[in-house]
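A single chain, nothing else alongside it, follows as C-alpha cells in the form predicted alone.
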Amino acid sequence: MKVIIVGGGKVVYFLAKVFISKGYQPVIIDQDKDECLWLSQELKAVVLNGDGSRPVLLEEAGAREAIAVLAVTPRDQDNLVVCQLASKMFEVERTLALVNDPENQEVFHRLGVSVAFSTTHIMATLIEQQAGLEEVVNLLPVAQGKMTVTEVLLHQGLPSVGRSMQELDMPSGSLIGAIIRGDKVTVPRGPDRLQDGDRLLLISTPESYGPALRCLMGKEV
C-alpha cells in the first residue's frame, strides 16, 4: 500500500519509518536535494526531489495508486495545494495536511482536506488537559469538520449536574457519547444522572455546539 509524503526533515524521516514498520510503501517528495540524499540512504523508500505541489511529480510518485497523501511542508499554501490536487486530480481518498497557522485549520476542512492538524493546537490542548486549565477541550474535528468531539468537565453548580439524560434538553445535532467517571467509561442511557467531576464526550455539529454547551454549562464557551 503506497503512501505519499510531501515534505522533508526529521518529521518526514520518522513518519516514513513508522509507515515502513507497518508494511506501507512510503514515497517521499522533498525539494531539498541534500535531504533527499540523506533520506534515500537512511530509508528503504522511494525519494523524489522536487515540488510536491506539481501534478507531474505527484503522478511520478504514484498518486493514482496511493491510499493517502500527507503534506507536511512548512508552507500552508503548499500543503493545501498538494491535498487538493491529490483529491481532485488523482482521486486519492485520504489527504492529510499539516497546518502551521492554526487559524487555517477550519479553512482546510472546508476546502476538502480529509484531516488538517495543527501541532500548535494539539500541544495547547495537551497542556490544558494536564494542567486542568480548561473545563472545555476541543479534541478533534471529524467528517471533514462537519462534527466535533469535545471533552466537557462538570463541576458542582452547573445546570446539568444532578440531572438525568432524560431531563437534559440537548439540542438537535448533539449528543453525549460517553461519561468518564474516574477510571470507568460508560455510554449513557436515559436514567443515568450526571455528577460532579464527570467528563463528558460531547459530539456535535458546529451549529449545535454553542447551544449544547449552554445546556450543559449554562454558558457558551
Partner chain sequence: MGICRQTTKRRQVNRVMAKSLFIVVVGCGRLGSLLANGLSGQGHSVVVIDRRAEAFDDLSAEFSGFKVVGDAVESETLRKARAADADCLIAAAEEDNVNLMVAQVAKDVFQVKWVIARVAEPARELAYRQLNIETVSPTSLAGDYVLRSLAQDK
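Positions refer to the first chain, counted from 1. Note that the structure is a prediction, hence the values are computed from the model and not measured.
The same protein also exists as the form predicted together with the partner chain; that form is not shown, yet it is the one meant from here on.
Within 4.5 Å of the partner chain in the predicted bound form, a heavy atom is found for every one of Met89, Asn104 and Leu111. Residue-level contacts in the predicted bound form: of Asp51, Asp196, Glu59, Glu42, one residue has a heavy atom within 4.5 Å of the partner chain, and it is Asp51. In the predicted bound form, the partner chain lies farther than 4.5 Å from every heavy atom of Ser118. The partner chain in the predicted bound form comes within 4.5 Å of a heavy atom belonging to Pro55. Contact annotation: Val72 falls outside 4.5 Å of the partner chain in the predicted bound form, judged by heavy atom distances. Contact annotation: Leu98 falls outside 4.5 Å of the partner chain in the predicted bound form, judged by heavy atom distances.
In the predicted bound form, the partner chain lies beyond 4.5 angstroms of every heavy atom of every residue of 1 to 16.
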